[in-house]
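This document opens with one chain alone, in structure tokens, the form predicted alone.
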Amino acid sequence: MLRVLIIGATSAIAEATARCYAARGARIFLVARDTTRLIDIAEDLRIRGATNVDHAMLDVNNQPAHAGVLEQAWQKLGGIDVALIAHGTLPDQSACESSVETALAEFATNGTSTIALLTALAPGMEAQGRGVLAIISSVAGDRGRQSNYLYGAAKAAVSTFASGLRQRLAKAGVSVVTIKPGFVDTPMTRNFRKGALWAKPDAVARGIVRAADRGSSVVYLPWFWLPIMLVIKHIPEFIFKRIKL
């Protein structure tokens, strides 16, 4: 029976991914800040077919609390086959530019906290000798852009950390999957104008599950973001400085 840990479980993408695993009859452990939402999601997943659903409250920026919650997840699940780290915020770039405190807090939420959780999860997965660590990063981490470079910097740190962790854990039979979504239509992006490049959470969730099943290394979701970001990454700096992205 598949055993799945989801951190940041109340996000739209995480919830959609949990529903995919519930349909498989998985045992699921949910982690997020909002206990009321966790209870509602857990009940929904049971109805959708999950064999068992447990949950715990965690503020990911409370690093000393990580160990206790992760230990609870290990015990309740009896091991972890898939761990998905899906939490994050969408910072106000202007606010980050005008406040060091805001910039560092947003970097901690989107970068440092994920690195801390991966560091804590890795030894257990390594000792287990199998499993998948899936991390939602972002295409924003592929190149710093003036519109969201604080967020992009945090995601770049996560992607680079995951790359090194993937190389380390491959020897133990553990897959580290970096998920790089583009624009996703979620409550976090409700104020953005939507267009052809926007994806729905359900579609991204299906891509995450496929990538975890295959033990992929880096996956762009939807797929067309790979060629888009290849172009953006290779724009020469003297041109890049003159355009608005």
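This structure is a prediction, so every number in the text was calculated from the model and none was measured. Note that residue numbering follows the sequence shown and begins at 1.
The same protein also has a form predicted in complex with a small molecule, omitted here; what follows describes it.
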Pick from 22-30, 212-220, 178-186, 42-50: which stretch has a heavy atom within 4.5 Å of the small molecule in the model of the complex? 178-186
The small molecule contact at Ala18 in the model of the complex, heavy atom, 4.5 Å: no
Please run the contact check for Asn61 against the small molecule in the model of the complex: heavy atoms, 4.5 angstroms, yes or no? yes
Would Asp34 sit within 4.5 Å of the small molecule in the model of the complex, counting heavy atoms only? yes
Can you tell me whether Ala86 touches the small molecule? I mean in the model of the complex, with a 4.5 angstroms heavy atom cut-off. yes
